[in-house]
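A single chain, nothing else alongside it, follows as structure tokens in the form predicted on its own.
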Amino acid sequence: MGLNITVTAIDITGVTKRYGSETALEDLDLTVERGEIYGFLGPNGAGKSTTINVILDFVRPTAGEVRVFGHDVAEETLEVRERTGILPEGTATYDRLTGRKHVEFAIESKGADDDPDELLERVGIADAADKKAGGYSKGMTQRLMFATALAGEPDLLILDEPSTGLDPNGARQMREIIREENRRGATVFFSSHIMEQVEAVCDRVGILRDGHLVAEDTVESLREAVPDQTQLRVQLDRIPDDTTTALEAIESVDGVSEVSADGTTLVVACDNESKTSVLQTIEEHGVTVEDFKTDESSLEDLFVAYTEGDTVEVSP
């Protein structure tokens, strides 16, 4: 399949999608460059699947335009589908057909000449090729549908929650195949609500919240835009005599956002600069700090900051 290197892979311009009184997407602008792996993040209900359905022309936007490799998806749907491998969320298989038959059908529909057994081997279910898909586990079904998405060496791979049902080893294997496909030249659009699943493979990440793209950058750059919060775990020699007063005093320290106690361990969410003041305040209440450790902001903290908090303002 020849690629026009002058056009972007996906270009979404001013897309709004309403279902009755509900707005799933609001004036969405999003561009995916040819050859990149783009991670599309957001909590369940943010509008990720609607965006994918609009890209594939499964649903039409209320307003706006979508182009894939320069093709208007509403006017040139077939041209787009021919160049796209799709792993939709929650796909149903044909229970009475074998895994091999599913892959053969996908190869035929793309007019390709892949070896179905090689594709099944690649996703790790070659031993189930002759088993009817109705007997597959959730993880095996996910692997099977991934194999069908790979048929025909697509220019664009659209993967909606691809790690669903996979154990950690299966998720790792899928990430490696995504890297291989990208090295081959494919553009990958990878939707997930699990930030850890996309960090290792994505060139850029877009975060969707309530139908709006609230942030878009590399994971590293997104981290830098979030207030520098640390989780301080402090081990005490004993429980303070007046625990409530002690916790209130710690919570009143500038830069502290949350304090909780678990026996003789205090967990304090605070700015990096506040750590010394926190430790001093603890000892002022007649207890000894025996040990403490610092946990840097996790990916989950970063995700929550963009999708639930109101402190981050980043223009995509």
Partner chain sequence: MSAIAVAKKDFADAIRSWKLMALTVVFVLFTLGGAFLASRMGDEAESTLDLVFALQTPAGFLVPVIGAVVGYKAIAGERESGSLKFLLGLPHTRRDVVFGKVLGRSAVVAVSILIGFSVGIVGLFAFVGSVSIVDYLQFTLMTILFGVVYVSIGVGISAMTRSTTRAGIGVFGLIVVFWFLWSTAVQVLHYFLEGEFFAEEFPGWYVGLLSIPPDTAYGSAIGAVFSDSGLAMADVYEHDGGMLSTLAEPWFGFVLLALWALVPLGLGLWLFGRSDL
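Small disclaimer: the values here were computed from a predicted structure and weren't measured. Numbering follows the first chain given and starts at 1.
What comes next is about the form predicted in complex with its partner chain, which does not appear here.
The contact residue chosen from S221, S137, S109, T243 relative to its partner chain in the model of the complex is S109, the criterion being a non-hydrogen atom within 4.5 angstroms. For the candidate set E199, E181, D217, E82, a heavy atom within 4.5 Å of its partner chain in the model of the complex is found for exactly one residue, namely E82. Within this chain, K101 lines the site of its partner chain in the model of the complex, having a heavy atom no more than 4.5 Å away. Proximity of R238 to its partner chain in the model of the complex: non-hydrogen atoms within 4.5 Å are absent; the residue sits far from the partner. T31 falls outside the set of residues with a heavy atom inside 4.5 Å of its partner chain in the model of the complex. Not displayed here, its partner chain is approached by V59 to within 4.5 Å at the level of heavy atoms in the model of the complex. Of the stretches 169 to 177, 141 to 149, 203 to 211, 118 to 126, only 141 to 149 has residues with a heavy atom within 4.5 Å of its partner chain in the model of the complex. If you take 14 to 36 and check each residue for a heavy atom within 4.5 Å of its partner chain in the model of the complex, you get K17, Y19, in sequence order.
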